[in-house]
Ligand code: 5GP
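Quick heads-up: it's one chain on its own, the form predicted on its own, in structure tokens.
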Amino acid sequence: MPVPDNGSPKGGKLVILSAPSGGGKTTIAGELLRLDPTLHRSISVTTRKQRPGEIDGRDYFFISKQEFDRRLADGQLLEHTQIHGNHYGTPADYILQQLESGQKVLLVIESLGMRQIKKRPELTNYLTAIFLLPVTMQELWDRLAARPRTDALENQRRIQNAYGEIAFYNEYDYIIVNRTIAESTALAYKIATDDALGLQACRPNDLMVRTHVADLLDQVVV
């Protein structure tokens, strides 16, 4: 399906929101959707187990590995990745249909998925990518440990993956240090609504951002 030229009245916008596991992307996404009714969330498919409180078709489409492989082979996924032994993917039709009709779409995905989407030339002009950073790696670990029905080995895998994800921060358009839900939501809202002219401090080349990232990557979780 063709995507309209971004300069046309029908040009849409694709906002990507990423963070390490436990970094708060689901919470911030929920706040953005509440504040901006013109923003539509893309729902990913996943092979991971449904968590308590999650609703199929609202949080994710929970499918089998066999069904995931079928959709991937049929070219139905815009991007796909494997995280913590589970498979995730973004249905292509929904994204392209929304952009064609001039809508804004919020896509909550991992860094690997974002990098795949950035390689798709038909989406380049519509893409704004936001990455949430934790204040400290210990805080990220504490959030993971507080989740129900998780174990130390799984959390250790997630925290190790977090270091790798943070290392690619400079591939995003904006970086937000997730100090509070209110502050992070306000910044993300400005970016999503094209009101980010004064947010140079959220750019990946900002000295404070680069310093914070370097500090995070040096931290050891105990």
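Start at 1 with the first residue shown and count on from there. Quantities reported herein were computed from a predicted structural model and do not represent experimental measurements.
One more form of this protein should be noted, the form predicted in complex with the ligand, which is absent from this view; the next part is about it.
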*Looking at Arg157, Arg58, Arg48, Arg70, which has any heavy atom no more than 4.5 Å from the ligand in the predicted bound form?*
Arg48
*May I ask you to state whether Ser44 is within 4.5 Å of the ligand in the predicted bound form, using heavy atom distances?*
yes
_I'd like to check something about Val105: if you look in the predicted bound form, is any of its heavy atoms closer than or equal to 4.5 Å to a heavy atom of the ligand?_
no
*Please check if Leu123 has a heavy atom lying within 4.5 Å of any heavy atom of the ligand in the predicted bound form.*
no
*Answer for Thr128 alone: is it within 4.5 Å of the ligand in the predicted bound form, judged on heavy atom distances?*
no
*Those residues of 88 to 123 which, in the predicted bound form, come within 4.5 Å of the ligand by heavy atom*: Tyr88, Gly89, Thr90, Val108, Ile109, Glu110, Gly113
